[in-house]
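Next up: a single chain in structure tokens, the form predicted on its own.
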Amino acid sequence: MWIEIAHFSALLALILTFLQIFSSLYGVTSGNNAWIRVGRHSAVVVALLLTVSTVGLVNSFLNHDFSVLYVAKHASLDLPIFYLATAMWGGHEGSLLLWAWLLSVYIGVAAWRHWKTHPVSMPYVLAILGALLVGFLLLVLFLSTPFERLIPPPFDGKDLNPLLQDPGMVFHPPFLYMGYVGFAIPYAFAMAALITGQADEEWLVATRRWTLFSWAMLTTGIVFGAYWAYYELGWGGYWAWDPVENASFMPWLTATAFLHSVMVQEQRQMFKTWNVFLVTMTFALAILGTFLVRSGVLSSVHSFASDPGRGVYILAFMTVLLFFSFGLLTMKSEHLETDIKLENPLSKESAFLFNNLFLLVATLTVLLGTLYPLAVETWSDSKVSVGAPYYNAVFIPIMLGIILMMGIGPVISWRKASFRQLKRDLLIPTIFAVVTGIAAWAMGMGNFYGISTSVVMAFVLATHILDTRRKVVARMKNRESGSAVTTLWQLISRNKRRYGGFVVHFGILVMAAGFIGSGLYQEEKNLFMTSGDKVKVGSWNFTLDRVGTASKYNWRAVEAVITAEHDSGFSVELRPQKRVYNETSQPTTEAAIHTTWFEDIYVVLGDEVKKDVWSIRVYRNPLIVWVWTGSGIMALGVIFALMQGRISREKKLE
């Protein structure tokens, strides 16, 4: 019953989405506002219908309705209710419905929020977003449907993929999709601005929060995925430059470039064409990510099925989107022309330009490494792989440049910076950075990239602190009253966007410290132990107490009990497992992790190599908790920046 309701709601949503497109375009061409209102109301009803459709599919899981093929493939009677409720996005069909539902909700919110503020653009925005939604609804309803019946129904289902039966994978896909789908709104506004000839900064102002929110959701989704890979896959790391990881990272890079580049257009009326290009590429890369994950063309631990038909459809969809976007950009490029030119290479505009170029080169680097194996396999029928050595050699220097620009961009002046001003702003940070590098080398940090990253991090941190201090001192002098703390709070609260960005930058520095520690100084030991054996790794002494069994819900496991004692006397009990799930008999690794602010002790139970002798891997991952902490700090910075109200055009340049 529920699945029929879900299916009918999705079909009705498709029909009303066509009505949304037609009525919006007919209303604007005929000058009849009543038809435009029909388009707006249709968008809201479509969101409600797809909500019903999504709830219907979820209810089919909760009711163990194995007459639904999708439920039978991705659930079982033993599956815990927490995973039953979220198994909807455990496979391709349901995850595509999730995409369509999120897009419909975003369209409804955009229609409600921007109806009065952007009456000229909204009909085109609704039509463009409706066309995008039609593309995904056609896929969900006719090519990759989760509504298909299975007759006769089995008594039990095949169960959810064991790797997905984890909280990390419950939250990772929705946050990732909220980021992917969210970029459709800025993209639609950019296209509408070109069509209407109103390609000034108004469309940027309308979509600033959309872009920042989507970037934050995508960031959170990427971090959830990295954390899941860290504790679930048992290899001691969190980022392997896997093709599907790269697929989410590329739109993040271009979106980061866009977030910085829009400031130049808002303040100086420059980079108009560049910004439309960036927002188009960001959304196109989000579609590319969906293609790579959902088509199965690339082999990845994150890909759980292969469907060439679905892949061809998504690829064709992305091709149409690119032709439409860049064709429109070419035809309407005169609306983006400006007489304002870059006046001096020593300016904030130049700093943002170099920042954008670094980010774009980084994106191309990742794109090349991701698609090159696919191209070789297509044309030569041989397989190649592009792994961490390529990315470390090419990508890390680029990222150092990006972090360096984080320190220069916020403090350098608009239009033209004098050498006196540069000396005032950058001399002390430069000295601090050099001293930091010398100190890192003296303390035994011999790796070139480790020292270089420490130097750049110190430079960025110093520029941000000194810039904030100068502004506090200047405000106190002008007002001749108030404490430093009060003045600082007034300064921050007056420009939440700027100082929210500072907090995000600080979070990135914290993450960078975690990358250095865990990436360059990880220790790994492969051990063979029997009960009672003791082994020393670094400053930790490991004792294998026993190996037994454990079970819960729909799995059983072999579990080791290991006591880890630090030289200081502190001890902790670790219980790594090798699980086997009842329905699939697929083994999974459950690492045991002890976390401190300075290091993680990470233990993985391997196979029984001979009677009562077990293979055990121990990793010491310095500063890895800083990676997760830095992402949390970034989230706080984004929340604070989202609180910024609309910035008036008359606001003085800082």
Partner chain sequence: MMKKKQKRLFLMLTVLVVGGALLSLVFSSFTGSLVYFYTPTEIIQKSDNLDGKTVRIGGMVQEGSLVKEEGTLKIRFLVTDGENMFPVRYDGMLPDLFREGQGVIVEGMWQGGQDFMAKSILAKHSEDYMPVEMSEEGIAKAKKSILKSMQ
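Residue numbers count along the first chain shown, from 1. Small disclaimer: the values here were computed from a predicted structure and weren't measured.
What follows is about the form predicted in complex with the partner chain, which we do not show.
The partner chain is not shown here, but in the model of the complex it comes within 4.5 Å of a heavy atom of Asp242.
The closest heavy atom approach of Ile438 to the partner chain in the model of the complex falls outside 4.5 Å.
Interface residue remark: Val604 is counted as part of the site for the partner chain in the model of the complex, having a heavy atom within 4.5 Å. Within 4.5 Å of any heavy atom of the partner chain in the model of the complex lies no heavy atom of Ser531.
Using a 4.5 Å cut-off to the partner chain in the model of the complex, not one of Val105, Gln269 and Tyr553 places a heavy atom inside that distance. The stretch in contact with the partner chain in the model of the complex, judged by heavy atoms within 4.5 Å, is 584 to 592, chosen from 584 to 592, 22 to 30, 56 to 64, 40 to 48. For the options Ala442, Val434, Leu368, Leu427, the one in contact with the partner chain in the model of the complex, meaning a heavy atom within 4.5 Å, is Leu368. Between the options Val109, Val361, Leu150, Val547, the residue in contact with the partner chain in the model of the complex by a heavy atom within 4.5 angstroms is Val361.
Residues of 162 to 180 that come within 4.5 Å of the partner chain in the model of the complex, judged by any heavy atom, reduce to Leu163 alone.
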